[in-house]
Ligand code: UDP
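Here's a solo chain for you in structure tokens, the form predicted on its own.
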């Protein structure tokens, strides 16, 4: 039997936050490895500028991300690591594009559970996923509008379904904090914080045209769709993040 391919760890350091330099193929292999019998569970965080900005100022969130394989999502992270280390990432990795490509190569009978978004969205996204990928088995779908006192019951329901793959769409930082709090209790082999993926998959929210995605301008399309919710994130918070990155660069040069 041939040995499994080794994935060399290569991190970009943004302050105390480490983001792995990986290709889509690298990440796919990491997930497939986690699905093997007796493998350790894997959690994946798709880190954009918003995620990184929170992590740099919030120790609790930063420590939670320490349990994750953190990968880059978006132009903000690319700019940041080029400022800090003068080289970027091999590919842009975002959950909305990565998860469907992963689903296409998962073994037949892989069990998936979807958690998050508004009532009805996870179930519709799940229906569309198994229609597109009939080799997968949907073992549960639960909306994300549960109360704090219901969280233990939600975790128990996920664990009872015995999923191989768990997608959690509660937004940043809630989805990563949820996974970190219940890392072992959820019982999934691979867990992902996926943001708006279920809304996109259920076609409740439109995605940017392909040309905008290729030009790394999907953020602008989303801002035009939801200015009330995203304006602060894509202006004040992104500016604060890049200022923090520039300060890190100045401190590094001063050493």
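What you see is a predicted model; the values in this text were computed from it and never measured. Numbering follows the first chain given and starts at 1.
Form predicted together with uridine-5'-diphosphate (UDP): not shown, discussed below.
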Report yes if any heavy atom of residue 214 sits within 4.5 Å of a heavy atom of uridine-5'-diphosphate (UDP) in the predicted complex; otherwise report no.
-> no
Closest heavy atom of residue 222 to uridine-5'-diphosphate (UDP) in the predicted complex, within 4.5 Å or not?
-> yes
With the partner left out of view, is residue 53 within 4.5 angstroms of uridine-5'-diphosphate (UDP) in the predicted complex by any non-hydrogen atom?
-> no
Taking 4.5 angstroms as the cut-off for heavy atoms, does residue 170 touch uridine-5'-diphosphate (UDP) in the predicted complex?
-> yes
Stretch in contact in the predicted complex with uridine-5'-diphosphate (UDP), which is absent here, among 138-146, 180-188, 77-85, 106-114 (heavy atoms within 4.5 Å) = 138-146
Note which of 118, 152, 160, 130 lies within 4.5 Å of uridine-5'-diphosphate (UDP) in the predicted complex, where distance is taken over heavy atoms; exactly one does.
-> 118
Only one of 64, 42, 29, 196 comes within 4.5 Å of uridine-5'-diphosphate (UDP) in the predicted complex by heavy atoms, so just point that one out.
-> 196
For the stretch 220-241, which residues lie within 4.5 Å of uridine-5'-diphosphate (UDP) in the predicted complex by non-hydrogen atom distance?
-> 222, 229, 233
